[in-house]
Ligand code: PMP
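In the form predicted on its own, a lone chain appears below as C-alpha cells.
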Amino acid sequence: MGRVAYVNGRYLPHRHATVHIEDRGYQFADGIYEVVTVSGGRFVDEIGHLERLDRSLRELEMDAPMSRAAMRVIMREVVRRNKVRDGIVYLQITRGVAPRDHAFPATPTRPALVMTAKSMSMAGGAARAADGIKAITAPDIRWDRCDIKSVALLPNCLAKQAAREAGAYEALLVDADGMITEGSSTNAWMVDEDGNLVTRQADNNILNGITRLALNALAERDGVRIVERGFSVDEAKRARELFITSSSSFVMPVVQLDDSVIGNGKPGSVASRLREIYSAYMTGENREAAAGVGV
C-alpha cells in the first residue's frame, strides 16, 4: 500500500487526497501549517509545535478543527499508516471552504485539516553537515508577520529557488537595513569574533523555530554564551562559524556565504557540538534540557 493522507476526517490514498477548489488555503493562502520531525518512531518537540500551531490560529482568528488530543491521535495514525520511523509529519489547517471573497466568510466555516507523513533519510543530512553547505543572500520581501507559520510562502519559494540555481542549499534573507533575518526555511546563527553564539531575537520578522528554542536551551545548558540580536551580512561573512537550524536540517553548518568562505571553510566546533547535542536530544536523551519547549 502506498502513502496515506488524512483529509477532513478521512484517511485516503495520497494520490486521491484532494481539497475543494474554493478552500481558502488554495484561494488566499488563508491557512497555517506545522512540520514535526519523527525520529526513531518518536515525535520531536511535538507539544512545542502544537502550541505554535495554536498561536498561529489565534493570530489569524481561526478556529481549531478539533481538540489537541484528537489531533495527536490522528498524527500517530498517519505516521503508523505510512510506516514512518524517521521522517516528518505535515499538518495544515485552513479557514475552510467558502465562496471566493477576500473578507472572512460571514457564515462561519469549518476549518479544514490535512495531514501527511513521509520517511526521510537521516544519512543524507548527516553527510551534508559533515561537509558543510553553501548559502547565498537574498532580499527579504516577505510580509511583516513572519512569526505566523502561514502557508503564504511564495517569497520563501523564490529565495529557495535562487539558492538552487546558485548551487546553494539555502538563502539567508536580508532586510532593508542589511541585516540577516533568517533563512528561507530555517533560522540563522553565527559564532561571532568574540566566541558568542548569536541569533536574531524572536520578533515579527522571523519565525521562532521550535528547533531554535530547543537548541537555545541545550546550548545554554552546555555552557555556550547566547546573544539574541540582529547581525549584518558583513558580520556573518566575518564570523568564526555560521549555521542554520530547522526541523528537517537540525543543525547545519554553513561554510560559504555568497563568495565568502566562513572561517576555515569547514564545519566549526560549536556547530558540530550542537548538532551532536541536538541529535542526542532527538533520540530522547537530555530532554529535560529543553523542558517547556515541547517534548
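When you see a residue number, it is the position in the sequence shown, counting from 1. For clarity, every value in this text was computed on a predicted model and none was experimentally measured.
Heads up, the form predicted together with this ligand isn't pictured, but that's what we're talking about next.
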Pick from 96-104, 182-190, 221-229, 111-119: which stretch has non-hydrogen atoms within 4.5 Å of this ligand in the predicted bound form? 182-190
Partner-free chain; cross-checking this ligand in the predicted bound form, the single residue of 198, 138, 75, 207 with a heavy atom within 4.5 Å is 207
Taking this ligand as it sits in the predicted bound form, is residue 56 in contact with it (heavy atom to heavy atom, 4.5 Å or less)? no
Residue 33: heavy atom within 4.5 Å of this ligand in the predicted bound form? yes
Should residue 52 be classed as touching this ligand in the predicted bound form when contacts are defined as heavy atoms within 4.5 Å? yes
Do residue 247 and this ligand share at least one heavy atom pair within 4.5 Å in the predicted bound form? yes
Any residue of 80-95 that, in the predicted bound form, places a heavy atom within 4.5 Å of this ligand: none
